[in-house]
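The chain below stands alone and is given in structure tokens; this is the form predicted on its own.
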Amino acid sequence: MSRHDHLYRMAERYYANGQVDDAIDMLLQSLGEDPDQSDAHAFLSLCLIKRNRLHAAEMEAARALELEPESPFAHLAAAIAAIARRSLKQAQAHLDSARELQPDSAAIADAYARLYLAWGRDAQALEEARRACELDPDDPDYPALLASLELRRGDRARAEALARDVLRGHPEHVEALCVLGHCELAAGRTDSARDHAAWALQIDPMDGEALTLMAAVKARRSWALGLWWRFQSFISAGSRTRAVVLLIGMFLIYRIALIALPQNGLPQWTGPLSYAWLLFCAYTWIAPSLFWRSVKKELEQVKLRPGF
């Protein structure tokens, strides 16, 4: 085995265990010795996406494609970077190219599922996630994504069963832990949900899904912040168009009420209504900062119960 292969295998192992920084270190060492490795650049791009360094990830994917334009893995990395940057049409073009080069790749089906999920096309996302599971039944990432999609469409029992199956063989799989945590939260078992969030965050403290789960647990426990969280969840559930329409609709209702109240002999209510609207705007402005400050404080004291 060459030194490049050794470092690459080590990076794969670290990445699979959620040790993204260590995986990046291995890949940088490999590229430091030989900077013309397309697969290492593509893999580094995936690691950088995990760390939310999207511009650097895009550059690494572009370098991988420059070195090997017909590499399905390089197209896959470029597609995932584009999804992270919400350049969805660009991502689809890369995935189409990757699928032409490697039609039966489970990783490409998984990326299509994540693309359709970002697009809000849940049915197509579910279809691609199932395809990925069929193509590679041994990889825990694909049933974990399928579990997430089943939860999203409301089949909590199916999502929980899939997540437990993944965790039976891979107890530190972050995505499966988060899905199971959301299932526990939906069932009202808040302490168990928090344990799952804490476990996921100990594996990968920067994982977005784990942070979201922890935030959801905190929201459930806090009356004041919970109001904002529920409002935010209601507004953001669905497409951006829906969110914009809802926000514009709320503002129009407020303006119509301001005009209608004096015309109906209730001018004394326009003042309280204006103050209520002002308080609502201030609350939705301040609450996110308070919320994330609270989450940060929570993370500093995260400890698993003995025997968990």
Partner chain sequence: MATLPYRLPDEPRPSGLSRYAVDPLWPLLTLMLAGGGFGLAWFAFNSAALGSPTRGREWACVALSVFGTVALVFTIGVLLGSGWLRPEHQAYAFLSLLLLKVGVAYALYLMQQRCFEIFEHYGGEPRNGMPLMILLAVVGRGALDMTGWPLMLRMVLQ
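So that the term is clear: the rigid core is the largest set of C-alpha atoms that superpose within 1.5 Å between two forms. Numbering follows the first chain given and starts at 1. This structure is a prediction, so every number in the text was calculated from the model and none was measured.
Quick note: we don't show the form predicted together with the partner chain, though the next part is all about it.
Of the heavy atoms in Y275, none are within 4.5 Å of the partner chain in the predicted bound form. A residue is said to contact a partner when one of its heavy atoms sits within 4.5 Å of a partner heavy atom; I256 meets this definition for the partner chain in the predicted bound form. At a distance threshold of 4.5 angstroms between non-hydrogen atoms, V244 is in contact with the partner chain in the predicted bound form.
Contact check for D21: a non-hydrogen atom falls within 4.5 Å of the partner chain in the predicted bound form.
G32 is the sole member of G265, P69, G271, G32 with a non-hydrogen atom lying within 4.5 angstroms of the partner chain in the predicted bound form. For the stretch 44 to 62, the set of residues having any non-hydrogen atom within 4.5 angstroms of the partner chain in the predicted bound form comprises L44, L48, N52, R53, L54, H55, A56, M59, E60, in sequence order. Comparing the forms between this form and the one not shown, the C-alpha position of H55 differs by less than 2 angstroms, with the core used for superposition. Comparing the forms between this form and the one not shown on their rigid core, the Cα displacement of L67 stays under 2 Å. Three angstroms is the minimum change: in the predicted bound form, the CA atoms of A186 and L247 sit farther apart than in this structure, by 3 Å or more.
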